[in-house]
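Given next, in structure tokens, is a single chain: the form predicted on its own.
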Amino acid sequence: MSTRLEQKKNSPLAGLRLPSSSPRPDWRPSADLATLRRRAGLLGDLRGYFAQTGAMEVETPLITPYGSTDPALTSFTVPGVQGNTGFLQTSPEYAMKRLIAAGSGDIYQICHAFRREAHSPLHQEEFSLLEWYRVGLDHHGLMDDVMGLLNVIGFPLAVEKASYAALCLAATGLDPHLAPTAALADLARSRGALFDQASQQDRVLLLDWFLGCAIMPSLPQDRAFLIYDFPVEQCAYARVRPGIPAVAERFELVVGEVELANGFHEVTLASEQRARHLGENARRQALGLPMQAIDEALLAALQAGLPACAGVALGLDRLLMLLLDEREIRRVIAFPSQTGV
């Protein structure tokens, strides 16, 4: 019988030398302990708010069978079993809507989400997200709910509501709902935007530029804004309210040029949701991006009956940055991502 020493000598790992890293990495957290305690306190305050307002905390899987069809998002892939590919969630939206369709009532979730974008002072590829849904509310009711939550956590700024159209008219002189696409392109070019010929015809791209590069930079820095009633081209998964003009019933919470939250009066019809996914995949194809399979479980849930509801996702790291007057996201999280993707 071989001795334990002999077994070690004959092991396939004998002689293996692990590569050493040089220089030795800094093991310490990027946020100080006072910040991490403030972060823990914020999470406690949020849970207290939802307990008082009757929302149930839920958990859903981080790995899903489907990537996001949204052309603006790139999902991380993970190897699955039997040759399948999984995706790290960009948000828990689809699973949470399935819970609502199953009768959960108001729900919220504090989780990590993953989006494959370049790191910046405002973004890490892995970040913390608060997402919640209220049954029976529209986007205006949910904006009031957002303001109630901000009041509980000691949000330091006044919050003002304003329509997308009013802010766009003030910043550019154009009505984003009714202005011809050529007029949007002309104004964007006059302000230094570099669009190729095809992009100048892409109304979605132009409106994205208007929001990020014309409207948000024009906002006062001493208050937050709930911008509501978006152009229909930016409806995403929000209901479209018919009229002249028709508008998408969604909102964003912004401070200056920083987006904190994105909310919707949700689409509830399976046929309409499928059409939105197909439209997003068509845009992905036009932009040369890989197509994504549609989450049939979500559509089945909507077919079974998703009650009227509104939902919002709020970036917790950015919220804490604002509460603590920090300029870098890494200063409010324990350990920043090391991949630098």
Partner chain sequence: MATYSTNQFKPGLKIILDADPYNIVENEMVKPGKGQAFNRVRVRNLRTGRVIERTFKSGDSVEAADIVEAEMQYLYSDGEAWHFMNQSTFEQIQASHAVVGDAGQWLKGQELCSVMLWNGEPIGVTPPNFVILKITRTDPGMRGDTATGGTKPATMETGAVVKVPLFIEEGSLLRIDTRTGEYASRAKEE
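All values reported here derive from a predicted model rather than from experimental measurement. Numbering follows the first chain given and starts at 1.
The discussion below concerns the form predicted in complex with its partner chain, not included here.
None of Val135, Ala183, Ala72, Leu157 but one reaches within 4.5 angstroms of its partner chain in the predicted bound form through a heavy atom, and that residue is Ala72. Only one of Gln109, Gln124, Ser128, Asn262 comes within 4.5 Å of its partner chain in the predicted bound form through a heavy atom, and that residue is Asn262.
Annotated contact segment (heavy atom within 4.5 Å of its partner chain in the predicted bound form): 252-260, selected among 173-181, 78-86, 252-260, 146-154. When its partner chain is considered in the predicted bound form, Leu269 lies well away from it, no heavy atom lying within 4.5 Å. Using a 4.5 Å cutoff between non-hydrogen atoms, Val240 does not count as a contact of its partner chain in the predicted bound form. Heavy atoms of Trp209 reach within 4.5 Å of its partner chain in the predicted bound form, making it an interface residue. At least one heavy atom of Cys213 is located within 4.5 Å of its partner chain in the predicted bound form. Heavy atoms closer than or equal to 4.5 Å to its partner chain in the predicted bound form belong, across 174-195, to the residues Arg191, Gly192, Ala193, Leu194, Phe195, ordered by sequence position.
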